[in-house]
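Encoded as structure tokens, the following chain is the form predicted on its own, with no partner shown.
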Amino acid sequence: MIKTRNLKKSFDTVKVINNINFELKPGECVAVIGPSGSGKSTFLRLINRLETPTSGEVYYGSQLITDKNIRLIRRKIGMVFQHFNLINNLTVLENLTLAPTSLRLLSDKAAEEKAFSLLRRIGLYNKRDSYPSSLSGGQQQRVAIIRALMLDPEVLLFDEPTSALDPEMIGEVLDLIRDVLKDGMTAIIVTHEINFAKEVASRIVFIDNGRIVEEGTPNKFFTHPESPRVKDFLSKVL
């Protein structure tokens, strides 16, 4: 569903992504792990064209993603950010219905009904008329996840969805992500939650210094890593 070829990204003279070749197949959940500053979040932002590659290509199916077609492709690739990115002067309901109604994908009534259904699913229907500032971090992130679901994406990108949360709020967000993945959602999750990655991912990708160092199934990756760099990383986080 998503493919990158010789993907590179530099900021001035600093190479952040250095020649990444990657494929995401339908139904896969790929967890991207690695040290802080290794380029994991930039990699996701390049896929969704929030950053423009210095060189290389990103494909959605057979379609090359460009600045010209990204608005259409973003309807199919949802993004969940680490800092929620809810619009503070809109209510929860307005945050959920804004995109599908603005893009004329749903009528106002249909968008509201869908939003109500998703809010009931996450136990926040009573917060529909609240503003984001009145919600806890965990509640805001759960709203951000169902906001992405409002457009019925074919792929979801999660950029460290629990990194801005207090430890006691992480569980409720991970539970919602588990629930979404059980429905068969194709996803890429950048995360520092190693045990969660082990549990939900069909493939683990380890990025360091802007390169894919190693990848494999969770069982192989965590029990029989091949790269000395991965062995050193796992010795510190497991």
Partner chain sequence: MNNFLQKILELFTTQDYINSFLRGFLLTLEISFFAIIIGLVLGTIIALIQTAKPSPWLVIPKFICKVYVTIIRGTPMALQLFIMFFIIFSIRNFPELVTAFLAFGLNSAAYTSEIIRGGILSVDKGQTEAGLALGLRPFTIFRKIVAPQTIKNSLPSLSNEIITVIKETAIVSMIGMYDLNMAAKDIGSGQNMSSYIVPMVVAALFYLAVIYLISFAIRKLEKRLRKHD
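Residue numbers count along the first chain shown, from 1. Bear in mind that the values here come from a model prediction, so they are computed numbers and not experimental data.
Just so you know, the form predicted together with its partner chain exists too; it's not on screen, but the next bit is about it.
A.B. asks: Is every one of 77, 86 and 151 in contact with its partner chain in the predicted complex, taking contact as a heavy atom within 4.5 Å?
C.D. replies: The answer is yes: all three residues contact the partner (heavy atom, 4.5 Å cut-off).
A.B. asks: Quick one: find which of 195 to 203, 48 to 56, 166 to 174, 25 to 33 has residues within 4.5 Å of its partner chain in the predicted complex by heavy atom distance.
C.D. replies: Flagged stretch: 48 to 56.
A.B. asks: With a cut-off of 4.5 Å between heavy atoms, is residue 110 one of the residues that contacts its partner chain in the predicted complex?
C.D. replies: No, residue 110 sits far enough from its partner chain in the predicted complex that none of its heavy atoms falls within 4.5 Å.
A.B. asks: Would residue 99 show up as a contact with its partner chain in the predicted complex if we use heavy atoms at 4.5 Å?
C.D. replies: Result yes; residue 99 sits at the interface with its partner chain in the predicted complex.
A.B. asks: In the predicted complex, does residue 71 have a heavy atom within 4.5 Å of its partner chain?
C.D. replies: The answer is yes: residue 71 has a heavy atom within 4.5 Å of its partner chain.
A.B. asks: In the predicted complex, does residue 147 come within 4.5 Å of its partner chain, counting heavy atoms only?
C.D. replies: Yes - in the predicted complex, heavy atoms of residue 147 and its partner chain come within 4.5 Å of each other.
A.B. asks: With its partner chain taken in the predicted complex, which residues across 119 to 135 come within 4.5 angstroms through any non-hydrogen atom?
C.D. replies: If the 4.5 Å heavy-atom criterion is applied to its partner chain in the predicted complex, 119 to 135 yields 131, 133.
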